Structure formats: C-alpha cells, structure tokens
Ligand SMILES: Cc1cc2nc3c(=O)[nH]c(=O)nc-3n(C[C@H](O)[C@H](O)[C@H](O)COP(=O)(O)OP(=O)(O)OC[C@H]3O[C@@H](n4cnc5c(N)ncnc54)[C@H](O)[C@@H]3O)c2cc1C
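Just one chain follows, in the form predicted on its own, and it is written as structure tokens.
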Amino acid sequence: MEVIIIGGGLIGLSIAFELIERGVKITIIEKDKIGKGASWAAGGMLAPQSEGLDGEFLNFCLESRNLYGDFIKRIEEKTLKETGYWKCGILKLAFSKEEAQKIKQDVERFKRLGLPALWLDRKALEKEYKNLGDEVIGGALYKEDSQVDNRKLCNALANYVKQNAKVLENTKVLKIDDKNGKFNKLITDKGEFKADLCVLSAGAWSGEILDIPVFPLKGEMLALDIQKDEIDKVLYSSKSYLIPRRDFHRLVVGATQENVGFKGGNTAYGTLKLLKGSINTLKNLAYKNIQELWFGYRPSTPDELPLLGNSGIENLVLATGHHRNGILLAPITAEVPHPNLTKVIYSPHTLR
C-alpha cells in the first residue's frame, strides 16, 4: 500500500505517523517546509469546552482531547523529543455581564454532560491573580482542557517522518488527476506521482488544489516574556488568549481573525489588539518584553466544521478545514485514512 499526503502540517504529519506505524509506504508533498504553516503559527490550545462547542462536534472534539495523552506518549517514545503537552487547565474569563451569563450557561451545560466545569467569581480569581484586569467579572475553569507546544510537536513529527517516509518539500501541486471518478495521479511542478490513495491535508491552501469550500482566515499572534509561576493556566477570553508554555519562559498571546485571503504581515492594528487584550487580562503584562510577532492562516469552511473522509473521488480522502481546532483534532484526524482507507469518521458536509 502506497499513500500520497498533500500537505506537511500537523494534520498531514499526524496521518503519516499513524500510517507509517501500520507499515504503509508514505510520500508527503509540501509546497514549503513540513511542520510549518498554520501548525507552526498556532497557539496549541486543546479547548473544546473553552471554545463553547456543543452537539456532535463537541463529542468529536472531546474524543480527540481524550486521545491526546496516548498520542503524545507514542510520539515522544518514537522520537525521543519532548512536545510540551500540559494538562494545565483553561480559565475562560468574562468581561461583561452578557459574557458571564453565557459562560455560566455553558458551565451548567457541561456539568449536565458529566464534564468538569466550575464558575469562579472575581473574588476567587483575585486570590490567584493579583494583577487581574479591572473589567474581569469572573471565569469558568475547565480543568480537562489543556495545551501542547505545537512547534515542538511539529518538529518531533517532522524529524520522524523524514526518517521514515519520502518527503518532497518546496513542491507545488498543480492538479489532482482522476479517471472515471477514481484518483489516478498527482501532477506537481516536479513531476507526476501515483499511489493507491491520496490524502488532501493542505490546510488553508486545500481549496486552491481541489474545488472544496476551504479558505484562509488570517490570525496574528505574539509572545511575551514571563517568569515561573506567574501564570499556571491558559487564560482565554474574547479579548485574547494567554498561553504560558510549560518551561515558563514564554507566553503566547493570540489571536486576531481576518478574512483577507493570503495577505501577509503583522499589522499595527493586530499587534495593538493583542497587547491591549493581554494587558486588560493581566495588568502586569504591560511591562513584559515582546519576544516575537508572527501570523498564520486558519483553514476555514463556511460553517467552521472540518472536511474529513470522502471527497467524492474514489481513493482521495479529505483531512482539512479544521478552522480553530487543527491542533486539537490531530489525533482523531490521523485515524481517518486507516487500513481500509475508506472509513469516514466524521463529515458534516456532503460533497458532490
């Protein structure tokens, strides 16, 4: 069995990892460098409850969150690399009465589902955060939500895949060729490639390769210096999200969202919004050094749900359109093309 994977971000690398473990011969085609793109630019939150998800998609995301511990353990054992996986919990903050009401409703909803959720008022939060922003009313603690250092995870998987699969970087896909409704070959600027199956996991660029409803949503981010024990949880809100890495040397701050296509660069407006959001959350962050500014492109769909499984072309599998949840959904997406290579684990869309 031979499989071509289009796209070498975290989704493509995770699929490759699982298939390599099953003895499948893999070729990855990547237009830039593997392990970069949106996967490199992300925050790494594993936050189905903090995102306020519900219904079937919540269950799907919870299942992936539950897979993460074993997923990381196997990767770290195979690669001997640390990934920064941390079950730190996430605190979702409210900055208005309306937000507080909505978050409290979510807390009660999650409790009915048997999920850990706890509302903390301003007084309770002040015991832990002395520099809490003046407008914070309270927040919900979701102790099962967590994080991973997406850059460390991507590096670990990229090194493993390079050692165990054929990797073609800086290679642009020009066309997916099908014959009588079945995948035939991949045409690139460096030649043509055939395989038993092709997986499209090219993130925000997937819609440029195949006629599917995937488009880029730009997000800007930055990182600040922090010291040990200043923040021991992710602080998530409508203003910003603050993600302390486990070594306590870096605080990732995100993220803006703009539908501007593939327009690049960090903007004054985006940077100001991130800085104001972080300072409104914790006032002492106003005096922290800025480590880095960067941006990326979320692969979104009109209903913000992923495209996973059947493409409408036999032996062409979709694994794209994850919007804000690509890091979270990596373990479960990696199971989409498994040995029978036809199973659709989750697909809210009907493609024709």
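Residues carry their position along the shown sequence, with the first being 1. For clarity, every value in this text was computed on a predicted model and none was experimentally measured.
Although not depicted, the form predicted in complex with the named molecule is the subject of the following passage.
Heavy atoms of G203 reach within 4.5 Å of the named molecule in the predicted bound form, making it an interface residue. The closest non-hydrogen atom of K31 lies within 4.5 Å of the named molecule in the predicted bound form. Mapping the unseen interface onto this chain, A38 counts among the residues with a heavy atom inside 4.5 Å of the named molecule in the predicted bound form.
The closest non-hydrogen atom of Y241 lies within 4.5 Å of the named molecule in the predicted bound form.
Looking at 38-46, 52-60, 283-291, 307-315, the stretch with residues near the named molecule in the predicted bound form, meaning non-hydrogen atoms within 4.5 angstroms, turns out to be 38-46. Although the partner is absent from the chain shown here, G296, P299 and I327 each have a heavy atom within 4.5 Å of the named molecule in the predicted bound form.
Using a 4.5 Å cut-off on any heavy atom, the residues of 172-195 that reach the named molecule in the predicted bound form are, in sequence order, K172, V173.
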